[in-house]
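This document starts with one chain, in the form predicted on its own, laid out as structure tokens.
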Amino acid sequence: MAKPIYARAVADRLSLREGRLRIKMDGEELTAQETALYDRQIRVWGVDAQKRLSKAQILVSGLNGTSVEFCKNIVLAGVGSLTLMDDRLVTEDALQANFLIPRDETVYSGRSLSELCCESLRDFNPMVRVLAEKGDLAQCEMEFFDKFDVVVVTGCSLKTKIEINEKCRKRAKRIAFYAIECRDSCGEIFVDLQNYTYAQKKSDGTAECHLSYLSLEDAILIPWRNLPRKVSKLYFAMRVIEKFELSEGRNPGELSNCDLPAVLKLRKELCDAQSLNESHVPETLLERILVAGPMLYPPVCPILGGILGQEVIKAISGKGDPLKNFFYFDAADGKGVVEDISNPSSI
């Protein structure tokens, strides 16, 4: 795989030999190399924000078209380290959506997604430590999470997302948790920053703001009848699909149009139990997700990965209003919608 032009430019600007490209970012001050490399973004969000980024430790579990877009963005932003977890081997579906995988079968054959993506990402910014970690994140000990400031998961079951979210919440330090999914041309991002404080710009300066987030489990347990009137139809559709996959023991995306009758039956049961009209979960939307199965819609991946990268940068830097707590995008109408699914007392 050819080294990206960006990486060559970085090496030229820093005047470093190949063996000296790994630079530690543990100090309180930005080095001259960091200042030169990140000059443009420092002008946007300031030196303090870049310092925080340079010390941030990010973990991504699950590598697909959406999460690799996020990884690329966060590496270019200059985080301290990025750890990847995905022991799966390359498939035809992965090749279609994951631009970090070399197209040469002799290179990727028999190697895990985390290994391949790790090598490619190092070329984008040699000042960021990119590591591959083996294993299943859901099975990791609680202490494993202490190494990270941000945990991002994708491509796993709702049950696994909830378990990982709870592990993040039980640690002594605050660990930001994000879950991101792309289904056909639709996407969902969930954010849990727990109790979060940030600086909000005002006309007369800045003000300190506080937000309280629900866990994923608590958020989706809020009765549908208690939600705002115009909640995105994607919110309800994702809950129906997740419930179906969980009840059938399916992995995310292991779906087909043959499942439509069973999914519609489940939709009716859930809507009846939640006192919600079935029109809030359109059959056409459910059918689109089922027909797509595990396939991702490539043009949507960079949109979701860009939004997630922006949100993680805001959470680390403490600057800018963070997303609370669900984001939805549908290429059918080209709209991105933020939904605050919270208890009234936490809004």
Partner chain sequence: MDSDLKTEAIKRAKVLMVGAGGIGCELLKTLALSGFQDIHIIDMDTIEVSNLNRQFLFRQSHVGQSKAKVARDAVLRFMPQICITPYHANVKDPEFNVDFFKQFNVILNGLDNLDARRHVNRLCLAAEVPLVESGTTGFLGQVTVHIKGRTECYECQPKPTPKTYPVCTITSTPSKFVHCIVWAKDLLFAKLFGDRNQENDLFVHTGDGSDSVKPTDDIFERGLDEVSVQYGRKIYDHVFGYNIEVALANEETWKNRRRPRPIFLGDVLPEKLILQNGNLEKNCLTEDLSLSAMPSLGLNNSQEIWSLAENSRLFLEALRLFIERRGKDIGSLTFDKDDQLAIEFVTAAANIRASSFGIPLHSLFDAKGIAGNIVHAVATTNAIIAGLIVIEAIKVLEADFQNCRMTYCLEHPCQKMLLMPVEPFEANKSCYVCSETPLLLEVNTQTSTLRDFVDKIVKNKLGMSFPLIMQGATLIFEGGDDLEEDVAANYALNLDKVLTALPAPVTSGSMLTIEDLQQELSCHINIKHREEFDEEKEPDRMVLLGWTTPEKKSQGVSNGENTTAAIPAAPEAINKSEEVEVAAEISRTRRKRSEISETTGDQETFQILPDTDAKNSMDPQEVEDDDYENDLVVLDENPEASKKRRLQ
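Just so we're clear, the structure is a prediction, and the values are computed from it rather than from any experiment. Numbering follows the first chain given and starts at 1.
Only in words, not in the display: the form predicted together with the partner chain, which the text now covers.
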item: All of Asp123, Lys202 and Ile303 within 4.5 Å of the partner chain in the predicted bound form, heavy atom check; value: yes
item: Single option in Ile101, Leu234, Ala176, Leu84 placed near the partner chain in the predicted bound form, where near means a heavy atom within 4.5 Å; value: Ile101
item: Candidate stretches 238-246, 165-173, 92-100, 211-219, one within 4.5 Å of the partner chain in the predicted bound form by heavy atom; value: 92-100
item: Contact test in the predicted bound form: Leu76 vs the partner chain, heavy atoms, 4.5 Å; value: yes
item: Partner proximity in the predicted bound form: Gln310 to the partner chain, non-hydrogen atom cutoff 4.5 Å; value: yes
item: Residue contact check: Arg183 to the partner chain in the predicted bound form, 4.5 Å heavy atom; value: no
item: 4.5 Å heavy atom contact, Lys72 and the partner chain in the predicted bound form; value: yes
item: Heavy atom within 4.5 Å of the partner chain in the predicted bound form - qualifying residues of 35-73; value: Thr35, Ala36, Leu37, Tyr38, Asp39, Arg40, Gln41, Ile42, Arg43, Val44, Trp45, Gly46, Val47, Glu69, Lys72, Asn73
